[in-house]
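The chain below stands alone and is given as structure tokens, in the form predicted on its own.
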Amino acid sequence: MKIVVCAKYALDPGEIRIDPSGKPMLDRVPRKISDIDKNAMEAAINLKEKHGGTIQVVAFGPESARDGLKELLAMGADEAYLVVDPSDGRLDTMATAEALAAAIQKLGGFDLILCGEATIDGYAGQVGPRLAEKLGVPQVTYARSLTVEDGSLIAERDLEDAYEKVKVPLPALVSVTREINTPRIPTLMAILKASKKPFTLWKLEDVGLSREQLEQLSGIELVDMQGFAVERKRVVIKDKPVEEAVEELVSYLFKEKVLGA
């Protein structure tokens, strides 16, 4: 099988800080490979171990994404390709899907494309479906398990209130959930070997695109970003018998409309 894994070098949301004016301070936020993309990588490795083949990682992002993609090479990918985003993340999901589609078409044919259901910073969940549409292949979203049999892919989808089992012919695109597996942690030997695996850096022109084309495709303009603050009530109940303290707490919760209609 020829498997392509799409990955994003995303902002780490756990490291975002808010300035006194309420603006998120993004300039110094560290990046990492989006967690759910690692689940997609693990799913690709499991399929490769069972059916053989190759795994190619494709990303659209800053040149610094090279560091994150090395982690996926250490996990088990055979090759990595990075299309440099000249806007540094300002383009929307439509433009991102266009860039990834151009890169994948440049690589030639594929049997399966895997990606996370969404990225940990934007969490739009649109790149996978848009990419499948551009490439003209069936798509399966929110897969919590998948197998390949006789040229078809069988997946179980998580629809929150139900599970759905589907079967689609290959080639296809699948976006996976966190529940599908637990990504492996690369060994020291695997990390050292990753530095010798093929890594290709492409400009937009290398995949037949331009920044102007992608900007025209982008239908979303980021106008402003605001953080939010949660102010505590700082209500303390102490030095009272348990029954009395509980009664006072419940009364307060009713008063604040946390309980009751």
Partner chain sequence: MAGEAKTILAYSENPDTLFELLSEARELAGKIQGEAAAVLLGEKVEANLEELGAYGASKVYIVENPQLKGFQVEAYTDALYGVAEQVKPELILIGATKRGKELAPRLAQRLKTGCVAECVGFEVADGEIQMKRIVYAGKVSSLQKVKGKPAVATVPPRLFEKRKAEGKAEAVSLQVEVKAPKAEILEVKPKEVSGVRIEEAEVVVCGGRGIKSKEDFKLLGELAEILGGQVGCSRPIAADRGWFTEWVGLSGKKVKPTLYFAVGVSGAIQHVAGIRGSKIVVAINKDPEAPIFADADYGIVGDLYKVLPALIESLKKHLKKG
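Positions refer to the first chain, counted from 1. Values in this document were obtained by computation on a predicted structure and should not be read as measured data.
Below, we turn to the form predicted together with the partner chain, even though it does not appear here.
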For the chain shown here without its partner, which stretch in 210-218, 190-198, 42-50, 65-73 has non-hydrogen atoms within 4.5 angstroms of the partner chain in the model of the complex?
-> 210-218
Any chance residue 184 has a heavy atom within 4.5 Å of the partner chain in the model of the complex?
-> no
Touches the partner chain in the model of the complex: residue 168 (any heavy atom, 4.5 Å) = yes
Within a 4.5 Å heavy atom cut-off, is residue 149 in contact with the partner chain in the model of the complex?
-> no
With the partner left out of view, is residue 154 within 4.5 angstroms of the partner chain in the model of the complex by any non-hydrogen atom?
-> yes
Out of 59-87, which residues reach within 4.5 Å of the partner chain in the model of the complex, heavy atoms considered?
-> none
